[in-house]
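Next up: a single chain in structure tokens, the form predicted on its own.
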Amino acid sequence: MQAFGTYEAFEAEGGRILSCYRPPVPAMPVIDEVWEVLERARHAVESLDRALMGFPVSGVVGKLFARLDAVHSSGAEGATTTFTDLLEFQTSLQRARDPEDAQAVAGSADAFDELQGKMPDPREAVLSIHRRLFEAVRDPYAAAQAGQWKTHVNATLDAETATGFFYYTAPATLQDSLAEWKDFTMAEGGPELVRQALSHWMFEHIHPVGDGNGRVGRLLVPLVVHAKGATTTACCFLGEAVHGNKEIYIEALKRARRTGDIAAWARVFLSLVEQTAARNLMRLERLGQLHDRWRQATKSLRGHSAVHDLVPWVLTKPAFTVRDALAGLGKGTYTSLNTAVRSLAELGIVEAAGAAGRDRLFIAPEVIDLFESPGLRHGPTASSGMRPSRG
């Protein structure tokens, strides 16, 4: 149990002595031990990265793929907000079945928007993401801890320990552990995806914030890989595959700690990255086909410039009100955009999903269908009538 890393005694409140784990700085595995799965992961990520760079509409990474990853990464931790829910919550209506849950998921996506392309010290990024996740929660204690390092030991259930709990790195040695993690994460040498696999393993065993460590750690991966120049876009996500393989992910994290077989963990991590990138590449290809079809369908509307402005905008904002379109495009009038949306509805590109009125919700169902998970579909909200994906 203690062969890899160290356990440090920490005196908790009430005088209890806890045995807190401090992960080592792992050595990069022998390349032959990870080569096959590394090549698959690298090929999938590079293919997605190239496709995103050549995509005719900007903003798809943050507006679609990062939001999808936020939904899945949060879902892996028990959140119930779906991609459809998040889209509606991030309209001017700001409606959700569970507003606090949706706010946290939206916070993860907003943190990605803030950090992509301008990654600071990764320790600062951790606090920035954590603040976004928890600053709006109802619990005053949790809200006060948003964007702060943990001050108490955190733990998870572990039946294989004498106490029934596994205790993460103690607050007393947190900053030293974070400095080691930061130096390892930002160092050069060896395949970058393997380095970030090991960095993620270190981070999840430090557990530097009170809650949300899984979501924060997974969001860091595409941001760091991009910041270090390994990808041109911040597209190296793994949240969707983690959501679908949570038990494998957790067991692999534990197994590396127990055995020191960090290569086995790296293979699991790389496989999750490959799965997510492959699915996102498929979505992007279909999104491109939609864009081409929409442009062809609106080609004859030469005099309706607002329609042509809306087509690429709706592709990355597939749930919106006319007020959202007015703010997002930054031009036109409410009347002209309302007319343009009606033209798109007549062509079947968008459809009304809420009650008639000035703030009526519209959706592009073909886009949503590419990103919504069948296993997470919910029925329409009572307030909007927004329907789930059609499969």
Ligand SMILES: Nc1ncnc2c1ncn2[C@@H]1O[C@H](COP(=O)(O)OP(=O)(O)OP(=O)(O)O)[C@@H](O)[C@H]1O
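This one's a predicted model, so the numbers in the text were calculated from it and none came from an experiment. So that there is no doubt, residue numbering starts at 1 and follows the sequence shown.
Heads up, the form predicted in complex with the ligand isn't pictured, but that's what we're talking about next.
Across the options 214 to 222, 114 to 122, 97 to 105, 266 to 274, residues that bring heavy atoms within 4.5 Å of the ligand in the predicted complex belong to 214 to 222.
Heavy atoms of Glu77 reach within 4.5 Å of the ligand in the predicted complex, making it an interface residue. The ligand in the predicted complex comes within 4.5 Å of no heavy atom belonging to Gln296.
Taking the partner from elsewhere, Arg279 is found to have every heavy atom lying beyond 4.5 Å of the ligand in the predicted complex. In the predicted complex, no heavy atom of Lys150 sits within 4.5 Å of the ligand. Out of the listed residues Thr163, Gln289, Ser300, Thr156, Thr156 is the one that sits within 4.5 Å of the ligand in the predicted complex by at least one heavy atom.
Interface residue among Glu240, Glu204, Asp110, Glu192 relative to the ligand in the predicted complex, by the heavy atom within 4.5 Å criterion: Glu204. The putative spot formed by Tyr168, Ile250 and Lys254 is fully lined by the ligand in the predicted complex; each residue has a non-hydrogen atom within 4.5 angstroms of it.
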